[in-house]
Ligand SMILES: Cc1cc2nc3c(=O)[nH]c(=O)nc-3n(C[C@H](O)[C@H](O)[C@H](O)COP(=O)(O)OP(=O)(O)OC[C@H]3O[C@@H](n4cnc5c(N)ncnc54)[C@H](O)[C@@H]3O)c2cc1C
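In structure tokens, one chain follows: the form predicted alone.
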Amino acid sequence: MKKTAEVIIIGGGISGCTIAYNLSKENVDTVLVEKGSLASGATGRSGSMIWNIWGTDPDKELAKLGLSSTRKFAELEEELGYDIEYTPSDYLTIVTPEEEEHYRKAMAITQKNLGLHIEYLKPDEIKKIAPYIDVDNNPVVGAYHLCNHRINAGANPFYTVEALITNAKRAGAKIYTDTEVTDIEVENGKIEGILTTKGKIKTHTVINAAGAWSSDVAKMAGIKIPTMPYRDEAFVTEPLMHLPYLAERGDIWWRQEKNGQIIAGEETHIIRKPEYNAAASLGPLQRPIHTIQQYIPQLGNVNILRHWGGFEDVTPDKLPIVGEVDELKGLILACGCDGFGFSFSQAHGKLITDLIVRQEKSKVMEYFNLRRFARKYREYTGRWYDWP
């Protein structure tokens, strides 16, 4: 193991691996430390969806950054020289009567912020392009569709991480798996190094990309951050014929992979307590299964091959924490991505690399900084959400 490094990244998920790749390209002496195997946390247990969730945010720079991340993914296979099973998906977001006003406003903001064209389809128009979506027996008043842009996609999380790390190693990065960080050394208000189960590495810059364990890592440096681990679950079906359009609905997420399998789940952390339990159970899968069958009846007899439990790293405002920590020189955060860490990872890589290599602090990085949270949030030990 190396004794010194310019930068140490803690966490071998998609964000940590992307940052390692970007820094190594800039000839930064980079070490990545992962307590398990690469992609063994949230990344390998995610839907690995690539989409822009910031289109309805009033901050234009934030929306544009989200779009830049999705665009970068579209170029990643060619850049890395690796098949990561990048697969564009076309979605129709189904609108019910009580949601119509909300969605029309969201469409207008998205078009304004991102400069993308969105069309609103009536039920009869949905039937023409996707006759398998049942709009007759469901309360559907329409759907909106983003035109002429592959803003929705997916990729194989394991292939993506492998491709990033392979290229990072070629550029000189050192990767240590099965190596747990046990402490972060701090002296006179700055980082001095880390202690691991395999030895000590001296450094003045540590990037916390530990996902669900980010708050635990921050505590080693004496810093409290408002991130909490919430369990999530997903399932994968047998391979199916290609569906030109998927029916997106509420908090149910799903996508079709390159091999035809459908991977799906539900945003469930608002009804759960923070925990590290990744055990899978069939109960939470009933609603997404029912919703998919409801809108695409022909999927009613599809076999489910496997399902799993995973983690989401959640903040009070459900937005990431990115950037330097005011109280401790040398600690940089890249965590708190809720269920969108995979999608946001390419933006993470650029933001952190620009900060370290070029000392650039963009407007969006200030927007995501830890200082946006009041002290009460950073000291709070309960749940962020009040739902039962």
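Each residue number is its position in the shown sequence, starting from 1. Please read all numbers here as calculations on a predicted model, not as lab measurements.
Quick note: we don't show the form predicted together with the ligand, though the next part is all about it.
Using a 4.5 Å cutoff between non-hydrogen atoms, Gly142 does not count as a contact of the ligand in the predicted complex. The ligand in the predicted complex is approached by Met49, whose closest heavy atom lies within 4.5 angstroms of it. Although the partner is absent here, Thr353 is not a contact residue: none of its heavy atoms lies within 4.5 angstroms of the ligand in the predicted complex. With a 4.5 Å cutoff on heavy atoms, Glu257 does not count as touching the ligand in the predicted complex; it lies far away. Taking Asp134, Glu233, Glu77, Glu99 one by one, only a single residue has any non-hydrogen atom within 4.5 Å of the ligand in the predicted complex, and it is Glu233.
For the candidate set Ile165, Val217, Ile225, Leu146, a heavy atom within 4.5 Å of the ligand in the predicted complex is found for exactly one residue, namely Val217. No residue of the trio Tyr103, Tyr245 and Ile292 has any heavy atom within 4.5 Å of the ligand in the predicted complex. Contact with the ligand in the predicted complex, defined as any heavy atom within 4.5 Å, is confined among 356 to 364, 40 to 48, 23 to 31, 323 to 331 to 40 to 48. In the predicted complex, the ligand lies beyond 4.5 angstroms of every heavy atom of every residue of 125 to 144.
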